[in-house]
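This document opens with one chain alone, in structure tokens, the form predicted alone.
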Amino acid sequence: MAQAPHAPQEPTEGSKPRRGRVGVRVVGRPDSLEQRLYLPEVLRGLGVTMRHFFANVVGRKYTVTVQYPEEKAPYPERFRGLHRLMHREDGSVRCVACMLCPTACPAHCITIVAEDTGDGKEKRPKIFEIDELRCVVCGLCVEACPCDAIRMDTGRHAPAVVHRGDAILGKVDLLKLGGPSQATQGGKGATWREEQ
């Protein structure tokens, strides 16, 4: 047979009262009709709103709005804009289709199809596409590229498009945005400390 739960014990004459009791504070309701309707506070809040509204409409006192196509906010030096493909001195693309940029891309917006260059030593991209609508502008593709073939330093936003397919930039589009790269392919080499 189950026993009933124990009821809390009341302090008896010989025992000490329990410590840590929570006190209850009784708060009264608003007394006057003015306090019950909250009308003065509502009107005071509307007054603040209207004061800011007219100060901005007439004098533009509190606005920090930039009038965007006419005025442009300055971009920071490390602004990530549209992608661009760099090319070598002879005009060929620097990309060797190593597939590191699509591997590093968290949005899977880069598509590369490789082809042989004909000399048997190197590959190049037959298809190099970036879907700018899927790109999250993280810059991991730039960091992953071992030969400085892709950059995001154009300083331009992705343009607005009507059709989704227009936001996919191909190899020709990316090469038009790019320029010759001054980076040494392969880095300084293993003996760079001895050469200094």
Partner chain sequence: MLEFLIEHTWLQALIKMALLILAFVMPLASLSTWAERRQSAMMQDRLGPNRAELRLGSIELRLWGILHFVADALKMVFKEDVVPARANRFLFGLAPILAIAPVIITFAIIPFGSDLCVGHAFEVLRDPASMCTSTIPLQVARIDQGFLFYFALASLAVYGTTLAGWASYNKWSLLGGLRASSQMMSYEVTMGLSLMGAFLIYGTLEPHAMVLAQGPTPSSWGIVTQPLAFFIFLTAAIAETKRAPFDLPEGEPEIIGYFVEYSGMRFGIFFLAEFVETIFLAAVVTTVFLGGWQVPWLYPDGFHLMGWTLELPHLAVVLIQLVVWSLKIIVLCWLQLLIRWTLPRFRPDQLMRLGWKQLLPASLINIVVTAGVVLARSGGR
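Computed from a predicted structure; not experimentally measured. Under this definition, the rigid core comprises the largest set of C-alpha atoms superposing within 1.5 Å between the forms. Residue numbers count along the first chain shown, from 1.
Unshown form predicted together with its partner chain; subsequent notes refer to it.
Peer 1: 39, 45 and 64 - do all three of these have some heavy atom no more than 4.5 Å from its partner chain in the predicted bound form?
Peer 2: Yes, because 39, 45 and 64 each have a heavy atom that approaches its partner chain to within 4.5 Å in the predicted bound form.
Peer 1: Using the partner position in the predicted bound form, report whether residue 52 sits within 4.5 Å of its partner chain, counting heavy atoms only.
Peer 2: So residue 52 counts as contacting its partner chain.
Peer 1: In the predicted bound form, is there a heavy atom of its partner chain that lies within 4.5 Å of any heavy atom of residue 60, even though the partner is absent here?
Peer 2: Flag for residue 60 set to yes.
Peer 1: Determine whether any heavy atom of residue 69 comes within 4.5 Å of a heavy atom of its partner chain in the predicted bound form, and answer yes or no.
Peer 2: So residue 69 counts as contacting its partner chain.
Peer 1: Does any part of residue 56 reach within 4.5 Å of its partner chain in the predicted bound form? Heavy atoms only, please.
Peer 2: Yes, residue 56 lies within 4.5 Å of its partner chain in the predicted bound form.
Peer 1: Could you tell me which stretch in 109 to 117, 69 to 77, 122 to 130, 83 to 91 has residues with non-hydrogen atoms within 4.5 Å of its partner chain in the predicted bound form?
Peer 2: So the stretch in question is 69 to 77.
Peer 1: Superposed on the rigid core, does the Cα of residue 55 end up 2 angstroms or more away between this form and the one not shown?
Peer 2: After core superposition, the C-alpha of residue 55 moves 2 Å or more between this form and the one not shown.
Peer 1: Relative to the superposed rigid core, does the CA atom of residue 64 travel 2 Å or more between this form and the one not shown?
Peer 2: After core superposition, the C-alpha of residue 64 moves 2 Å or more between this form and the one not shown.
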